[in-house]
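One chain is shown next in structure tokens, namely the form predicted alone.
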Amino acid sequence: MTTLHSSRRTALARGYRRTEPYRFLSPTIILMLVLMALPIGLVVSYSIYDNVITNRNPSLVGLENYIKILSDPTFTIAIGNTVFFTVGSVAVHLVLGLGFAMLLNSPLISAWVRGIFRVIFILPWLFTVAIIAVLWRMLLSPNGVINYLLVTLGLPAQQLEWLSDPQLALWAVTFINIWAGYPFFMISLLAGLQGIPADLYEAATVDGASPWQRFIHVTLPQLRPIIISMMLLDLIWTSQQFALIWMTTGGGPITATEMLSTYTYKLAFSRYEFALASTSAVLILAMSMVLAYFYARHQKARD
């Protein structure tokens, strides 16, 4: 009898130890289920019903909402605008961020000049999205500073409506997003540049490498993990940009700056078609998951 109780206690203790990691993780798992899995599951379920929330008894429609969204010309325009806005922003973020980071890391300029440049370059990052939107709406208005400078220089024949002209609005909001986002690249790449061992540059110099060859064969390979990680993160963040677009153009004029985020928002809160909005959100989620997969794969490869 004593031996039986002893074996039971041993089995219980062994089972208790086996579940110990899961008990430590249980608060996080519960939070993830409540805050992430449950909302995502609800959105996915909404996407296969007819107009939910506003309809007391929604009926199952299967993939009909997906067919409607994918055949909507505005959705196609939103995808094109989002790709242009995202790829353009990320590419210029990288070029500007790397250029300014190398300038701030250069021994050719004095410390106090670097300090001034550092403050100036990082300034856009200190503003909130609302301030950036108001600031650039004022600067780009027909009677704003930008048009005044262009007219003074004699560049355009008439004052341009940057945010109201369908031909210019997408370029304008992309430029604003570039201006607001490049300091993030600059700071991260500057930290990466300062972490490159000086021995590598000295060895390359002894081998007769020119400054351009040192940049290509030393700087870029050393920065490559940071560059890839930041580009993938920036692709995810920029493709989901909503506040800046909404506060500057609202997706207009017409559909000139319509993004996937503004398109989905309008479906939900302007047209009250929550099922279609959920369908659009699921499609955006699927696209974001592809980027997230590549980011996670890259991080795993680094480890």
Partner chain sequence: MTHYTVRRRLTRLAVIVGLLAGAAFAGLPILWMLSSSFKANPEIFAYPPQLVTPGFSLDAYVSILTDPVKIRFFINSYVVALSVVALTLLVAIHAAYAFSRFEFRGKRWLSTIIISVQAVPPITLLIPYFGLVVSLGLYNTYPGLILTYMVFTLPYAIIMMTGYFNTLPRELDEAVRVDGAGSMTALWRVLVPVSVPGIVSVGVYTFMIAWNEYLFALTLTRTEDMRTVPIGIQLLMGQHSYQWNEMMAMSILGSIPVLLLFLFFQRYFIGGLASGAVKS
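Residue numbers count along the first chain shown, from 1. If you're wondering where the values come from, they're calculated on a predicted model, not measured in any experiment. Whichever C-alpha set is largest while still superposing within 1.5 Å between the two forms counts as the rigid core.
Just so it is clear, the following notes concern the form predicted together with its partner chain, a form of the same protein that is not shown.
A.B. asks: Indicate whether the candidate residues Ile53, Trp125 and Trp237 are all in contact with its partner chain in the predicted complex, with contact defined as any heavy atom within 4.5 Å.
C.D. replies: So, yes: the whole triplet contacts its partner chain.
A.B. asks: Looking at 166 to 174, 143 to 151, 196 to 204, 68 to 76, which one sits within 4.5 Å of its partner chain in the predicted complex if you count heavy atoms only?
C.D. replies: Contact-bearing stretch, as computed: 143 to 151.
A.B. asks: Just to confirm, Tyr49 within 4.5 Å of its partner chain in the predicted complex by heavy atoms?
C.D. replies: Close contact is absent here: in the predicted complex, Tyr49 is far from its partner chain, nothing within 4.5 Å, heavy atoms only.
A.B. asks: Does the 4.5 Å heavy atom contact test between Tyr182 and its partner chain in the predicted complex come out positive?
C.D. replies: Yes, Tyr182 lies within 4.5 Å of its partner chain in the predicted complex.
A.B. asks: Gln299 versus its partner chain, in the predicted complex: is there a non-hydrogen atom within 4.5 Å?
C.D. replies: Although its partner chain is absent here, Gln299 would touch it in the predicted complex, with heavy atoms inside 4.5 Å.
A.B. asks: Evaluate Asn57 for contact with its partner chain in the predicted complex, applying a 4.5 angstroms cut-off between non-hydrogen atoms, and reply yes or no.
C.D. replies: Answer no; every heavy atom of Asn57 is more than 4.5 Å from its partner chain in the predicted complex.
A.B. asks: Answer with one of Leu139, Val83, Val95, Leu220: the residue that has a non-hydrogen atom within 4.5 Å of its partner chain in the predicted complex.
C.D. replies: Comparing distances to its partner chain in the predicted complex, the residue within 4.5 Å is Leu139.
A.B. asks: Please identify the residue among Leu155, Ala191, Ala91, Ile216 with any heavy atom within 4.5 Å of its partner chain in the predicted complex.
C.D. replies: Checked against the cut-off, the match is Ala191.
A.B. asks: Can you tell me which residues in 38 to 52 come within 4.5 angstroms of its partner chain in the predicted complex, by heavy atoms?
C.D. replies: The stretch touches the partner through Leu38, Pro39, Ile40, Leu42, Val43, Tyr46.
A.B. asks: Rigid core aligned, does the Cα position of Ser110 differ by 2 Å or more between this form and the one not shown?
C.D. replies: After core superposition, the C-alpha of Ser110 moves 2 Å or more between this form and the one not shown.
A.B. asks: Taking the rigid core as the reference frame, is the Cα of Ile67 displaced by 2 Å or more between this form and the one not shown?
C.D. replies: Result for Ile67: no, shift under 2 Å.
A.B. asks: Would you say whether Ile29 is displaced between this form and the one not shown, judging by a C-alpha shift of 2 Å or more on the superposed rigid core?
C.D. replies: It does shift by 2 Å or more.
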